[in-house]
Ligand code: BG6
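Presented as structure tokens, the chain that follows is alone, the form predicted alone.
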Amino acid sequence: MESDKRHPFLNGLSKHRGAPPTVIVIFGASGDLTARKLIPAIYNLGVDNLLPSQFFFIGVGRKPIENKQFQEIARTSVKSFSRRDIVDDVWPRIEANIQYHAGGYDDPKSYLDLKEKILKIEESSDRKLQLLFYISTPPNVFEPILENLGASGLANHNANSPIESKVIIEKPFGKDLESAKALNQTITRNFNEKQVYRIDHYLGKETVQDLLVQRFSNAIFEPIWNRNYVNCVQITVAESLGVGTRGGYYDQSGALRDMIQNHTMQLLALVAMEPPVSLDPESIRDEKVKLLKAIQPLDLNPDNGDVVRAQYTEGLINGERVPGYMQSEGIPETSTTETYAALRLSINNWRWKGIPFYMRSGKSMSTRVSEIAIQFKRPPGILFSDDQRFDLAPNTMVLKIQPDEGVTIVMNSKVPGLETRTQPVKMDFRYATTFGSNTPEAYERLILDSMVGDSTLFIRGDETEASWKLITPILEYWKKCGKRGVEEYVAGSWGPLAAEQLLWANKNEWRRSGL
């Protein structure tokens, strides 16, 4: 049949690197992440013939839902949020293997019933199946889920075999160093580290994956990727949206926990780490941990230290009025939670000694953009320097992570004409232009990698602890200071003046991100 040729998945054929028959169990099946990202990701893997020949999906949640109703919920998720329309000869095959399991996350009996359900699937399949548990719940139930998976034997299902159980854990992975260590201890009581996939969806983005390729497959970059040629590195993760109606939730985290500790620190590790000895996941993760451990403790002085925090005030974004953070729903009058954080980091190793790394993240900023900018040192001021005819900019390589994925290189060129004038120009590479706009989303890559056992794009336990070791003293100091040191910035701007001053000490300026 023609449809079978277009979708080999229907014939039980897989062109991928050996994903074994799998049961994926998603805790938090009725949650927003499952509807918007996880179910559409599973569907698109099916369309691309990347699901294993025998694939089953069990959604787990507290409220009772009939299997048929949950299948309809899943179909609605695909129709609403998938990057592709529903293909009628693919979806029915996936839908037929979707079930729902209701039970309390802290109820041991629920896990025994879940185990029984899985054993029946294995019996009907007449083969052992890999179990992939995805914990997509609020963090306060991470521990009971992990403990019950261990106590029920589900964590050890098919132990010491190529298809032993795996568990994916969503962020936030702890709220400080102590809680991260406690969570790691809970995990290691029930799973081996090789079974654990701590997820940060930023690592699944195309440009983040391309960072290693840009660095280590192009001879023109790596020789100058060091203190001899680089002036500074700037990492920006900016959101144009404010907290909206989620103020009460956001006030418990803030920009440092929500973005800097995870997303931004991961970008820093990848851009600054040493070359790994191979593409083996552990080789890459070893280098990331070494880099994080080489970051020097920060000066926390609120007047001229290495850290700036701020809250946005009323302003305009895209011509619309945005209320200030303190006027948002659910924000207490005594809140000191930062909606903006900026850090100046020093890395004490041979490659980066003396080179400042800056990172910033905030809400209600001028533009939604995530990028890494590597700014190179200027050439000696002999030519093209002392005349106003020469408009020169530092050479900069910008890796644009979102929304327009690609790479930009800023260089200087002569303006056409009889007089010698210069002007900065850009060389642009855009994923959408070169490869088309319908590229796989981050969760598609991450779910697929976890099924086949590739942990390259996931965070190891010691890695998250190394990150929290740097961030926790900042949180503790801010708590001690109260309101002291909390700056303000107008919604729709690029942050407070204090963040600009953070760079002035080294005669640097923030790049105009998004351009």
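Start at 1 with the first residue shown and count on from there. No experiment lies behind these values; they were computed from the predicted model shown.
Quick note: we don't show the form predicted in complex with the ligand, though the next part is all about it.
Although the partner is absent here, Glu405 lies well away from the ligand in the predicted complex, with no heavy atom inside 4.5 Å. Contact check for Met259: a heavy atom falls within 4.5 Å of the ligand in the predicted complex. The closest non-hydrogen atom of Asp286 lies beyond 4.5 Å of the ligand in the predicted complex.
The closest heavy atom approach of Glu206 to the ligand in the predicted complex falls outside 4.5 Å.
Of the residues Phe173, Tyr111, Tyr325, Tyr202, just one reaches the ligand in the predicted complex with a heavy atom at 4.5 Å or closer; this is Tyr202.
Checked against the ligand in the predicted complex, the candidates Tyr229, Phe221, Phe429, Tyr249 yield a single residue with a heavy atom inside 4.5 Å, and that residue is Tyr249. Stretch-level contact check against the ligand in the predicted complex with heavy atoms at 4.5 Å: of 352 to 360, 151 to 159, 213 to 221, 251 to 259, the positive one is 251 to 259.
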